[in-house]
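Single chain ahead, by itself, as structure tokens, in the form predicted on its own.
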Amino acid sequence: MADGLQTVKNWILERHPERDDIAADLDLIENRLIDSLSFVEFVFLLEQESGTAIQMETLEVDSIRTLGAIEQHFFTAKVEVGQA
């Protein structure tokens, strides 16, 4: 797990002390681990940790629905194909 993703996970766990861990495929929104009150703070943290600017207007909810999706969309190295 990337350090940034671990920071995001820790941020969520700090807000939900009843949890010991978060499975990579757990729906963060459906399980109310990210709610409307914390959403903007969460997106700001995600921007900081991933180094990616996030436009709220174009943010796909599915890209932040699980830790696995967050890792795939924000912490996986992007490989360019077709450059020779």
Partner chain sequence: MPARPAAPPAGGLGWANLGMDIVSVNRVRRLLAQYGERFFERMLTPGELADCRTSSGLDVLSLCGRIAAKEAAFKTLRVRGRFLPWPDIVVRRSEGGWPLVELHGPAAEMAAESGITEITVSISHDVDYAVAVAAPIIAPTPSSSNS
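Note that the coordinates shown come from a computational prediction; the quantities given were computed from them, not determined experimentally. Positions refer to the first chain, counted from 1.
Note that the form predicted together with the partner chain isn't included here; everything after this is about it.
Output flag, 2, 70 and 74 jointly within 4.5 Å of the partner chain in the predicted complex, heavy atom basis: Contact check failed for every one of 2, 70 and 74.
When the contact criterion is heavy atoms within 4.5 Å, does residue 25 count as touching the partner chain in the predicted complex? Taking the distances in the predicted complex, the answer for residue 25 is no, it never comes within 4.5 Å of the partner chain.
With the cut-off set at 4.5 Å between non-hydrogen atoms, does residue 15 touch the partner chain in the predicted complex? Within the cut-off, so yes.
In the predicted complex, residue 31 touching the partner chain (heavy atom, 4.5 Å): No.
So, residue 38 and the partner chain: in the predicted complex, are they within 4.5 Å at any heavy atom pair? Judged by the heavy-atom cut-off of 4.5 Å, residue 38 is in contact with the partner chain in the predicted complex.
Going by heavy atoms, what in 39-74 lies within 4.5 angstroms of the partner chain in the predicted complex? Residues within 4.5 Å: 39, 40, 41, 43, 44, 47, 54, 56, 57, 59, 60, 61, 64, 65.
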